[in-house]
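Shown next as structure tokens: one chain only, the form predicted alone.
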Amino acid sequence: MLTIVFTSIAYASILALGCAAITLWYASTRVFNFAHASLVSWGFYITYIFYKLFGLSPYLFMPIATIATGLIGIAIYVSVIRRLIRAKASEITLMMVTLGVDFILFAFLNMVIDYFANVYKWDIKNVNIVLTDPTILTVANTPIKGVHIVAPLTALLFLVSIHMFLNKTNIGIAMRASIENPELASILGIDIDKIYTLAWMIGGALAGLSGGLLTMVMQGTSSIGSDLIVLYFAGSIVGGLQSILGGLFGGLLVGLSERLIPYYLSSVFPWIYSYRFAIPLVMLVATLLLYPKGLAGLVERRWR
């Protein structure tokens, strides 16, 4: 049972990082970014490819995946999103364009996969390196793997860092101002374009980091981001699309619910685990129907 709990916490922490990325993109530029799916997949495969090339711990290559997807995030904003924002495109148009960008990124990823499969003769179509994760310690005869420690600590570090960044640094305060009122921020002399570029870089980096960490909790293919995109969106919406911290906590809640609720109910309903992905959907629909502002909105209302 402890193994399920530890793995669920790690899995939820990984989802939370990706949910924070979706929230950051939407809060800053009003873009519901479907390309998030392929950014997660790129992070997943970059980590795996470097692991295969050098044979070292996958954790060493997750920063490379994070940087690479952060740069992809910048490229998406500069080449596509910025142009549409300047043309005053609607939120629907921006959202649909990111779906096209997702297809392009997905196609290029599969080209990379085919290259390594043909040149290096790797069985790279389905990645499974979960068993390479070392056991750090044992608690009550339960092995604690590296991801059980790294993933929650990474989410916690991001929580503290983003709070300090948004509240204690000039750039962070400028980002908050740009999110809350971009017109006024622009009048005050804040370079909105640079803030948006930074937001897309951070979002891309978080998506890639989430994908890299996923290599330690589940196997997957090039479509792993697409397979989990509904969970990422659900966590972001449950947390509240206007709050980065809300998105983080929403991801944690969705991830834990998706893993733990079916586990505890499976003793009574053995078939229920196969339908565990319905839980995030129920949470998403309930949030949209009952309180669209999500967890962040509830906290905001409480302190008014």
Partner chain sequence: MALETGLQYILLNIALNFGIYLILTLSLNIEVGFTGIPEFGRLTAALVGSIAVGAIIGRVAAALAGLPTGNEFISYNAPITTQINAYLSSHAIISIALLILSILTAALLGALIGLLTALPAIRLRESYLGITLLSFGEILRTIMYNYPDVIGGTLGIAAPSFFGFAGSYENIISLSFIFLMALFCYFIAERISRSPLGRVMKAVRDSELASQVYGRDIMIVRVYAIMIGSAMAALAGALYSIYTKSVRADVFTRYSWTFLPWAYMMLGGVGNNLGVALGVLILSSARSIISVYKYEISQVIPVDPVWLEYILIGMVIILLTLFRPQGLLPEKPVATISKKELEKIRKEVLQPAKQ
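Just so you know, these numbers come straight off a predicted model, no measurement behind them. Residue numbers count along the first chain shown, from 1.
There is another form of this protein, the form predicted together with the partner chain, and it is not shown here; the text below is about that form.
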Whether Ala177 contacts the partner chain in the model of the complex should be assessed with a 4.5 Å heavy atom distance threshold; does it? no
I'd like to know whether Asp114 contacts the partner chain in the model of the complex, with contact meaning heavy atoms within 4.5 angstroms. yes
Even though the partner isn't displayed, in the model of the complex is Tyr263 close enough to the partner chain, meaning a heavy atom within 4.5 Å? no
Partner contact for Arg83 in the model of the complex: the partner chain, 4.5 angstroms, heavy atom: yes
Please identify the residue among Glu183, Asp123, Glu91, Asp191 with any heavy atom within 4.5 Å of the partner chain in the model of the complex. Glu91
Of Ile173, Met96, Met218, Leu71, the one that lies within 4.5 Å of the partner chain in the model of the complex (heavy atoms): Met96
Within 4.5 Å of the partner chain in the model of the complex - does that hold for a heavy atom of every one of Tyr59, Leu159 and Leu214? no
Out of the stretches listed (143-151, 127-135, 96-104, 164-172), which one is close to the partner chain in the model of the complex, meaning heavy atoms within 4.5 Å? 96-104
Within 25-40, which residues come within 4.5 Å of the partner chain in the model of the complex, counting heavy atoms only? Tyr26, Phe32, Phe34
